[in-house]
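One chain follows as structure tokens, the form predicted on its own.
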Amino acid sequence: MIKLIVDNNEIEVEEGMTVLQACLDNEIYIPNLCYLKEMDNPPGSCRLCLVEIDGYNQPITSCTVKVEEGMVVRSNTEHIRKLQRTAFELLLSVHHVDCKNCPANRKCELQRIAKFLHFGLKLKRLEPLDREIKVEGDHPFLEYVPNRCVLCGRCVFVCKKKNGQAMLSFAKKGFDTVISFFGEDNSARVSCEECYACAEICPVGALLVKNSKRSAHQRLAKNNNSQRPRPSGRGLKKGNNSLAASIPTLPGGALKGGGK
């Protein structure tokens, strides 16, 4: 067992665990979208699970760092909250917010994170950038709504884990990136008809089961690996900060200048 300090509290966890999972297992909520406990190499792409760790020059994604004996972690500093709200605001700028008509309403991870960060889902500093991408309805059993998708990759991971190979993947590049289905043979269709793991794991209602658009989300809360957040509060006030520049990234989950 490994002992470490998180927000001035000592916790004890199994060796080899990520800092994020160690916190979640000990009822210390850290916002996250692209992480699942079963992942060997979490992507750290959502930039929401940032923490400060003694020995690191800059905040780092907690899902990409393994616990160490005596490690000192801070998850709730003012600087961390500012970075998380910035990352979240950038995410919302390309997400079509229409909660009342979304099947993930009240079970949505974005609503949970917004409540925890005391951040409104309505943009105040940025203009929404709607992507003109049509809803993908060619799949016989699933429907994909790209303007809800946060590109977390959970669906790709669970599909590959359950079926041995992913029957959906990232397609296109940059601002136009989407999730795309492939595998038109009978075995692929049968696997999807008996599975729906991708729709169940989607945190935002971007993947739907045809003819049963709410059923895949009834178990969404159970699939989520994080605890309930704190009560909601006001959103971020207007300002002139450069949002994208405030969360520079490097491969491996570290922020720019964030090496140990």
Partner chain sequence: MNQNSKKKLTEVFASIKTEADKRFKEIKGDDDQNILIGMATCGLASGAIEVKAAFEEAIAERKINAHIMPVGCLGHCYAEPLVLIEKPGFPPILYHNVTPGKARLLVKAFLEEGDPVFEHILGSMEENDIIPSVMEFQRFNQEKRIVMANSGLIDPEDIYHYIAKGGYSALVKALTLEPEKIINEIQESGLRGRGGAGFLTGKKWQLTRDVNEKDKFVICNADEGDPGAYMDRTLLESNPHQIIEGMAINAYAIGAEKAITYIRAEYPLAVKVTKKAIEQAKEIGLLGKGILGTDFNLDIVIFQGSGAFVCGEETALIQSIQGERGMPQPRPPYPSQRGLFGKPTIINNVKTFGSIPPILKKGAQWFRGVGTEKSPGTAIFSVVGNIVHAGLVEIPMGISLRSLIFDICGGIPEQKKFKAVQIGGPSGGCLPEHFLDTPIDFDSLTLAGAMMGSGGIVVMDEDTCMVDVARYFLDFTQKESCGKCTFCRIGTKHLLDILERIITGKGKEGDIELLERLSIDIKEGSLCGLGKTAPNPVLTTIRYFRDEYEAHIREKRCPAMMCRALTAYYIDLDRCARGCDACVGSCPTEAIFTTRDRKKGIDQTLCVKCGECMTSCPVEYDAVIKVSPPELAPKIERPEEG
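Positions refer to the first chain, counted from 1. This structure is a prediction, so every number in the text was calculated from the model and none was measured.
Below, we refer to the form predicted in complex with the partner chain, which is not included among the displayed structures.
Using a 4.5 angstroms limit between non-hydrogen atoms, Gly205 is distant from the partner chain in the predicted bound form. Taking the partner from elsewhere, Val94 is found to have a heavy atom lying within 4.5 Å of the partner chain in the predicted bound form.
Remark: Thr77 does not count among the residues lining the partner chain in the predicted bound form, judged by a heavy atom distance of 4.5 Å or less. Remark: Arg125 counts among the residues lining the partner chain in the predicted bound form, judged by a heavy atom distance of 4.5 Å or less. Every residue of the trio Leu50, Ala87 and Val150 has some heavy atom no more than 4.5 Å from the partner chain in the predicted bound form. Looking at 140-148, 96-104, 170-178, 111-119, the stretch with residues near the partner chain in the predicted bound form, meaning non-hydrogen atoms within 4.5 angstroms, turns out to be 170-178. Residues Asn41, Pro42, Pro43, Gly44, Ser45, Cys46, Arg47, Leu50 are the ones in 33-55 with at least one heavy atom within 4.5 Å of the partner chain in the predicted bound form, listed in sequence order.
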